[in-house]
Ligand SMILES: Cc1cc2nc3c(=O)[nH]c(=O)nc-3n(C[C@H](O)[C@H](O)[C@H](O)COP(=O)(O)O)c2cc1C
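Single chain ahead, by itself, as structure tokens, in the form predicted alone.
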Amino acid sequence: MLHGSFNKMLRETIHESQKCQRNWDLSKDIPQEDKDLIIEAATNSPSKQNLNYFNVHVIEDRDVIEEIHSYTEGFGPIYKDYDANKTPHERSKDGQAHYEKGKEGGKYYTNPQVLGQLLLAFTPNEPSQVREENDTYDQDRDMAIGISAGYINVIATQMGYATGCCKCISDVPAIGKILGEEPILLMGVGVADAKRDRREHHNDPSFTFPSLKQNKKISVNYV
């Protein structure tokens, strides 16, 4: 049985790692041993039959990170009228909780969670072992990448870093040309900017990303 204080630390890790970091303190570096542990978490997470369903690209070159970031323009204008103070019971005219659809042609924002000291890009890999003819492995791959990202999330948080996953990519082929493979998921890991709201856009302080935490109500059923 674990000591109560250790359980408290784990609980804090769970709730802290759930948050997506949108801005970074790039004046600080991540020690190599910390980077190695993060990559070890990424590559040693569980997967179906322990097969290799994905590759991980570890990007530290700031110019490359900035270029990839430019192709993540995909947030908004759906949240144009979002009001974080509304309760889940208050709904807009179209029945959506918390927000109304913005007008066509509204501004789209990039996803700055990819701007951390480390940018991890998950790309598809084909396992050498074949279960059946024409098996695409898509479901197994998505599951393996999700578990890997979860491992990174928790381990990085326990070491004091912040993370943010990005699936909203405006130009997948463009990033594919940079990496040599088209990405399925991008994930930033780095040192959070402690002087700013974590949801404030790294490059555009006038925009703060909304949080839909109040919408998350997962039913737990005990049998």
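Start at 1 and count along the sequence shown; that's the residue number. Note that the structure is predicted; figures quoted are calculated from it, not measured.
Keep in mind the form predicted together with the ligand is missing from the figure; the text below concerns it.
Which of 30 to 38, 61 to 69, 164 to 172, 43 to 51 lines the interface with the ligand in the predicted complex (heavy atom within 4.5 Å): Only one stretch qualifies here: 164 to 172.
With the cut-off set at 4.5 Å between non-hydrogen atoms, does residue 203 touch the ligand in the predicted complex? The answer is no: residue 203 has no heavy atom within 4.5 Å of the ligand.
Taking heavy atoms and a 4.5 Å cut-off, does residue 196 contact the ligand in the predicted complex? No.
Any non-hydrogen atom of residue 56 within 4.5 angstroms of the ligand in the predicted complex: No, residue 56 stays farther than 4.5 Å from the ligand in the predicted complex.
Hey, in the predicted complex, is residue 211 touching the ligand, heavy atoms inside 4.5 Å? Yes.
Pick from 159, 185, 179, 26: which has a non-hydrogen atom within 4.5 Å of the ligand in the predicted complex? Residue within 4.5 Å of the partner: 185.
Relative to the ligand in the predicted complex, which residues of 13 to 29 have a heavy atom no more than 4.5 Å away? Contacting residues: 18, 19, 20, 22.
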